[in-house]
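To begin, one chain is listed below as structure tokens, in the form predicted alone.
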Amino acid sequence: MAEPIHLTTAIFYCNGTPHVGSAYEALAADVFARCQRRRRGRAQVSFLSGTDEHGDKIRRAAIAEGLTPKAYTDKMSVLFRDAFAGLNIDLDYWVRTTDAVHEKFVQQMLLATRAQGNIEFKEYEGLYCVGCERFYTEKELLPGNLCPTHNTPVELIRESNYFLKIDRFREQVRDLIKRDQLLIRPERYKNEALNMLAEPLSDLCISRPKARMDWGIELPFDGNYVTYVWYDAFWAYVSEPASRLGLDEFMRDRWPHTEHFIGKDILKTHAVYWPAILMAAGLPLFRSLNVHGWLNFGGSRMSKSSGNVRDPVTYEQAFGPDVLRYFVMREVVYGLDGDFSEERLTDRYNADLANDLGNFTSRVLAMAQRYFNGEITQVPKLESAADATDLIGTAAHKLSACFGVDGAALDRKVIAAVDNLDFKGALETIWQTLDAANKYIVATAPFSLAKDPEKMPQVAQILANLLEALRVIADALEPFMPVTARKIFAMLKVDDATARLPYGEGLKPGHQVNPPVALFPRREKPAAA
């Protein structure tokens, strides 16, 4: 049996509503999780997300709405959770950093870290960005002491705080990254992380005095301070599952196989601070950081601070289930920045979903109903010589090659691509198979053959082959388009076990399929602004 695996998104800071950019991360992690469940079984995969609810930005956002911080985060966390549920993101854990279980766990980790001599109290003067809720060194800032993320002036703050001695772990973390024992993907981000760890690190401030900011988890050893929001949020990856399973069991069985999905803007916190935080508490490290780029809109990063956010649920409601997740997985190379536009979304919808997938599904099921009342009367098979020169033989061979001699080649290729974070490549592989199936229809022309009663056995064979191809294509699509796959399975009248079988082992003679239901009616492009 494959070892258990733990998957996480970043813990989303809920000072604003979810947008397409944050949904992209959750959708990528969801595709990865669904593929892992197919291989390992549901019980062996845990998938976690949640909301980061402490800190000064939250307090200020709450005040602006005339709410207490807790009332504000209660509202915002529901918005995130409902949005992800509406996008069919299938989570096992939803963690809020204001949960009592989480707060208790953070305090437990602070005590463990202090007991190992890794926390020091001292006075500090530094340049602080409220938006990032972190201190910067001068060399990290833009000219004019501007925050590199928000392009706003930082504040000079002098106060006494508790600090984590992270530099004592730097060389060990750097060596683990070099040897890929702490894997950072894609490779460019591994190199960035190594550069971040190349020079000595300043101690990490892990507290805020209540006199300045009291919205946080109180330090268990000093009631005058609360925990720094980043230190608090990291433990959300661990707190709930460790509390359910037991810390020792979780750290032994699942944590070493943990895959974090994060954006490139928080690479430093996850590659530099988070490993040191774990080591300082005497805990093992996770397996990998899977780092994605930014999703841009009109050439600018999509973010709450920029004001160019797009509501993912709106697109789900307007275009239908799976369309947004298909678009971002097909359009964006994981690790690179991508660009989002409704015009491009509509192009993909019409060309890929309405024309290719939708029309193929409708044509095959409609012919099965028209000519055989939906019954399969032949055993699906796509045997043809590799050196075939006629149009039909060539088309059959190309379609057969997509499934391989054992009928499982498509599934293997898709899973391998997803393992390598090549979501775009996985979908392109599926669409190559869909293209081969559409060309097989054109080459065999069953609608023309059906005019001759003597050729109906040949038509039956062609349709058996195509219906089986549709089943396998829908199965390969399931991690990317779960609602669509379910609709196709319902039209094919197959259960989960049958849906997962290799080509040639699923639909048998005597099986009855349902009439087609339109999947993706064509859409008009949005009017130019």
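What you see is a predicted model; the values in this text were computed from it and never measured. One-based numbering along the sequence shown.
Just so it is clear, the following notes concern the form predicted in complex with the RNA, a form of the same protein that is not shown.
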Quiz item: Heavy atoms within 4.5 Å of the RNA in the predicted bound form: which of the stretches 404-412, 91-99, 237-245, 184-192 has them?
Solution: 184-192
Quiz item: So in the predicted bound form, are 355, 441 and 447 all sitting within 4.5 Å of the RNA, heavy atoms only?
Solution: yes
Quiz item: Using a 4.5 Å cut on heavy atoms, which of 362, 377, 172, 420 is close to the RNA in the predicted bound form?
Solution: 362
Practice problem: Identify, from the list 158, 451, 179, 212, the residue with a heavy atom within 4.5 Å of the RNA in the predicted bound form. | Solution: 451
Quiz item: Would residue 367 show up as a contact with the RNA in the predicted bound form if we use heavy atoms at 4.5 Å?
Solution: yes
Practice problem: Verify the contact flag for residue 520: yes if a non-hydrogen atom of it lies within 4.5 Å of a non-hydrogen atom of the RNA in the predicted bound form, no if not. | Solution: yes
Quiz item: Do residue 230 and the RNA come within 4.5 Å of each other in the predicted bound form, heavy atoms counted?
Solution: no
Quiz item: So, in the predicted bound form, is residue 381 in contact with the RNA at a 4.5 angstroms heavy atom limit?
Solution: no
